[in-house]
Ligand code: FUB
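One chain follows as structure tokens, the form predicted on its own.
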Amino acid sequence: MNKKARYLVPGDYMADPAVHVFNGKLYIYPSHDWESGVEENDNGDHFNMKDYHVFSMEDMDGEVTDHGVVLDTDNIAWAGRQLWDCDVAFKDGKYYMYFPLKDQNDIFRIGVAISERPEGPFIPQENPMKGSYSIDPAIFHDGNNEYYMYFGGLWGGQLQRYRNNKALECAVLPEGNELALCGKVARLSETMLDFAEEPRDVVILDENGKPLTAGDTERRFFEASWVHQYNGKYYFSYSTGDTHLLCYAIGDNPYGPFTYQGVILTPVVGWTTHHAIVEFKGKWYLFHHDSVPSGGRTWLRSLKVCELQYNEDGTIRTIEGINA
């Protein structure tokens, strides 16, 4: 039985957590929700996010330390608007923050900012990553000095505007029995500042080994990629977006393909679902968010954490979102 989830930052609206263990502590890298005054729409214009905070914890039941603002759009040379979900990786004494941000043409790119400390502050590079697009970068370190970025999101995340890593003249969103759009994965270069290869599709297969279709909205990828390892397997987890589920699929290598397994988290209060999965002091945890403290307002979300448990066969026990 999972213990009831804990709100982590009750005094502010934080969401979309990326979480890692650095130097024996948990570090949380969320997006920061602000009241926008914009009517909710499918492009996500109501999400007014302009900076990042970093939080740390020495124990799951202990105090949450706010390290303050570590990156702001005012300090990013190419910034337009909307700092959405970010992630951070450590290599060779430096911490690399990867962040999606709309440029001055309102196109999402992925930028990189660097710090010598996990709590920041982070100094942004002058330009976004070459060839980057869409949202929700998540970094997976395979333990062999290789780092992979997973990214992509539909609708406001603009993934439907691209095919084969090239922009389309008009966005095309598959429907029905057409193959679903896939999230993307690319190995990072040794400098951690560029892709080492062309991004590839993260293919999710059904129980018959066939790629999921666009009409399979309770299983197909929408946004919020995350990858972790458990018992030698690679777990690709993600949000189904408009059906409000966190799902997962399992594969044998970082590129996949990944075979769909089930639901991690059923719908929560609020439209979006976004998460991180991490092991800390011998237990596994699911970090996510909901909109209960803001009265259900989708664009004002609050960070939560609860324990995540596996079955003996390696499948994940489903958590009931409303009751978590």
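Start at 1 and count along the sequence shown; that's the residue number. These numbers were taken from a predicted model, which means no experiment stands behind them.
From this point on, the text means the form predicted together with the ligand, which you will not see here.
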In the model of the complex, which of the stretches 163 to 171, 221 to 229, 180 to 188, 120 to 128 has residues with heavy atoms within 4.5 Å of the ligand? 221 to 229
Is the ligand in the model of the complex near all of Ser31, Phe47 and His289, within 4.5 Å of a heavy atom of each? yes
Answer with one of Tyr248, Tyr95, Trp84, Tyr98: the residue that has a non-hydrogen atom within 4.5 Å of the ligand in the model of the complex. Trp84
Even though the chain is shown alone, can you say which residues of 134 to 153 have a heavy atom within 4.5 Å of the ligand in the model of the complex? Ile135, Asp136
